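Below, in structure tokens: the form predicted on its own, a single chain.
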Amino acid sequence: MRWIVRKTVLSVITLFCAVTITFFLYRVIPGNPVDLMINYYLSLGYSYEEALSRVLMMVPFVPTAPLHEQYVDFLKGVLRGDLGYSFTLAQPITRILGYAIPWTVFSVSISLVISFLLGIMMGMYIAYKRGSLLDKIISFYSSITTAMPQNILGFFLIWSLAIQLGWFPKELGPYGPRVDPSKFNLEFITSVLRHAALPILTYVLTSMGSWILMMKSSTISVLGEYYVTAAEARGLKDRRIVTTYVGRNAVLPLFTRFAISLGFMFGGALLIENLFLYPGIGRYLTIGISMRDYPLVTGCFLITSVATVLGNLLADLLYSRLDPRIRFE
């Protein structure tokens, strides 16, 4: 119990430090949203005075105020459940995040689970077949896709599967333009699934390689352990050795990263969501960064930080259940 309390306190401190660093780091960058928006209105032909008056009516805070005052106001708002107001999208941050999180969780969670399961199965398989032609092909694929930016593969999938073959919708976004999202019917569900297929496929193909390589390395390491050799000498069935002795122990190092990835899931997939115009956290984070929308960026990072810290805490708490060699006092 004392270990859980210490770990929880450490997680809270980590979260506080992450949010604080994010808050100050983004605001010390030269420039502010007021200057950016004034330049935008000046490019439309407004005078400086007209542009300044319009911007001051839109920006709900004073970006030139001392940073410590902005920070105190931010903390007070977080404690009240108020993350601020996005002057770019003219909406409260909580409303934006409430709309974006379900889309991100829907697409990224499915992608993450599929890539993880395929990765551990293929990684274990090529570990047993190491040195074979299949091992070389899969390892080469994993190395290429791990280093490849996700939007490059996404462009190719859109061009080949959507435009050339017509297997998937050509329209970008979470659903078709003629679908009414207020009606949760079969047409809406079908449209959502068809539009989510390519983003999910892109995520799976580009992230599966890292799971394959890690599982292969972990499996090869476990195969050299004495308890595996002893199990083989006892004449146990290969299936039992693979599942009980090799697979269970080989997947343990990957479990922590998977739990942390569940937390990062709330940060969205920046390149994929922007490429497919998917309204997730990553899409809105990009908008906030490009427009210097401080409240929007801080709100997105806050959600990501909370989810990541909780994922790491959950992994630590459940690790002893998966590995009997670890016990918490």
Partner chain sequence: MISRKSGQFKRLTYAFKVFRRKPTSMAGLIIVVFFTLMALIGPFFFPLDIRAYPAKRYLPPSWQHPLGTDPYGRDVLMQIINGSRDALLIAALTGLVTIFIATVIGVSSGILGGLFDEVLMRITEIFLILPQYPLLLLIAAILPAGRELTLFEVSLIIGIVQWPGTARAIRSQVLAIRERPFIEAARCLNLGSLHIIFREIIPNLTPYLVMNFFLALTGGIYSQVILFSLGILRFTSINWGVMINIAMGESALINPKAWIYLFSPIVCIVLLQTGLVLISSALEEVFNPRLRTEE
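Note that the structure is predicted; figures quoted are calculated from it, not measured. Positions refer to the first chain, counted from 1.
Here the subject shifts to the form predicted in complex with the partner chain, a form of this protein not shown in this document.
Figure note: of the listed segments 118 to 126, 89 to 97, 145 to 153, 68 to 76, the one touching the partner chain in the predicted complex, with heavy atoms no more than 4.5 Å away, is 145 to 153. Proximity to the partner chain in the predicted complex holds for none of V113, N185 and V242, with the criterion being a heavy atom within 4.5 Å. T304 belongs to the set of residues with a heavy atom inside 4.5 Å of the partner chain in the predicted complex.
Among heavy atoms of F264, some come within 4.5 Å of the partner chain in the predicted complex. Although the partner is absent here, L193 sits far enough away that none of its heavy atoms falls within 4.5 Å of the partner chain in the predicted complex.
Within 4.5 Å of any heavy atom of the partner chain in the predicted complex lies no heavy atom of L165.
Only one of I158, V105, A197, V179 comes within 4.5 Å of the partner chain in the predicted complex through a heavy atom, and that residue is I158. Residues are counted as partner-facing when one of their heavy atoms sits within 4.5 Å of the partner chain in the predicted complex; in 273 to 296 these are N274, L275, L285, T286, I289, R292, Y294, in sequence order. Compared with the form shown, the Y40-L172 C-alpha separation increases in the predicted complex, the change being 3 Å or greater.
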